[in-house]
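First, one chain by itself in structure tokens, the form predicted alone.
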């Protein structure tokens, strides 16, 4: 039996009277690569941010490695956990954003090692060994001492990936990781993500790169108007296109 890493149970999220998504349920097993596709405004990024606890949600539960995150129930009432507890739980996920979010005054190596030292309490030597290993894995062994301003967008995003995966999270989350890049730089970042997939890294990916989703995914989720409209293998989603709405959406892409 595969190990269940992420379980999203009937999660609902709204801002005021605007419901972002409702009754969203999804499971991600160890080693799976699950891609979420859908139109802008369908709730994809917000769902990812709920998993990472950067957004609150009003109903349902999210479990990582069998443990509920973000909330607990006291006397029948659902309460958000303290920010200190949430910060510890957030280490279970490695998040890669659209923007690179690197510290501009720190070298590539320092950006990668900071969390290892501050959050995981590693000594500098151990953290730097891990940092060098991951920067080498993403093809940046010659950029250890470079600052973000000295790196291309693709290189900065690869540093961000190295920083996230170096923390050894239970699941990696990618939120449109290539959307801020010039077209010629997209491939180098997608190749790194493919390598992680080949290594068996558990991943939940929000992407508009349909060819990439078809090639790398174990499972594809189509979100539409705040609901999961279809779930299936890449072949079921991209080739069979079983629902009219899915067909309509994919007509915008040459898959």
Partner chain sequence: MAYYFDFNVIWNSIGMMLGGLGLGLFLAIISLFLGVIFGLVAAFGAVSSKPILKRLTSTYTALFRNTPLLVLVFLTYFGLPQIGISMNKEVSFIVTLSLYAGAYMTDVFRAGLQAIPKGIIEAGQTVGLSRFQIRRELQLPIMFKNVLPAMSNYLISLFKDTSLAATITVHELTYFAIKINTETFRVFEAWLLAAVLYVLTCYLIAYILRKVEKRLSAGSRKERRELH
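The model shown is predicted, which means the values in this text are computed figures rather than measured ones. Positions refer to the first chain, counted from 1.
Separately, the form predicted together with its partner chain exists; it is not shown, and the next lines address it.
Peer 1: According to a 4.5 angstroms non-hydrogen atom cut-off, is residue 74 in contact with its partner chain in the predicted complex?
Peer 2: No, residue 74 sits far enough from its partner chain in the predicted complex that none of its heavy atoms falls within 4.5 Å.
Peer 1: Can any non-hydrogen atom of residue 79 be found within 4.5 angstroms of its partner chain in the predicted complex?
Peer 2: Contact check for residue 79: no, nothing within 4.5 Å of its partner chain in the predicted complex.
Peer 1: Report whether the minimum heavy atom distance between residue 49 and its partner chain in the predicted complex is within 4.5 Å.
Peer 2: Yes, residue 49 is a contact residue.
Peer 1: Since only the chain is shown here, I'm wondering whether residue 142 would be in contact with its partner chain in the predicted complex (any heavy atom pair within 4.5 Å).
Peer 2: Flag for residue 142 set to yes.
Peer 1: Looking at 106, 151, 180, 122, which has any heavy atom no more than 4.5 Å from its partner chain in the predicted complex?
Peer 2: That would be 106.
Peer 1: Please determine, with the chain shown alone, which of 195 to 203, 51 to 59, 25 to 33, 226 to 234 has non-hydrogen atoms within 4.5 Å of its partner chain in the predicted complex.
Peer 2: That would be stretch 51 to 59.
Peer 1: Between 90 to 128 and its partner chain in the predicted complex, list the residues on our side with a heavy atom within 4.5 Å.
Peer 2: 90, 91, 93, 95, 97, 101, 102, 103, 104, 105, 106, 107, 109, 110, 114, 115, 118, 119 sit within 4.5 Å of the partner.
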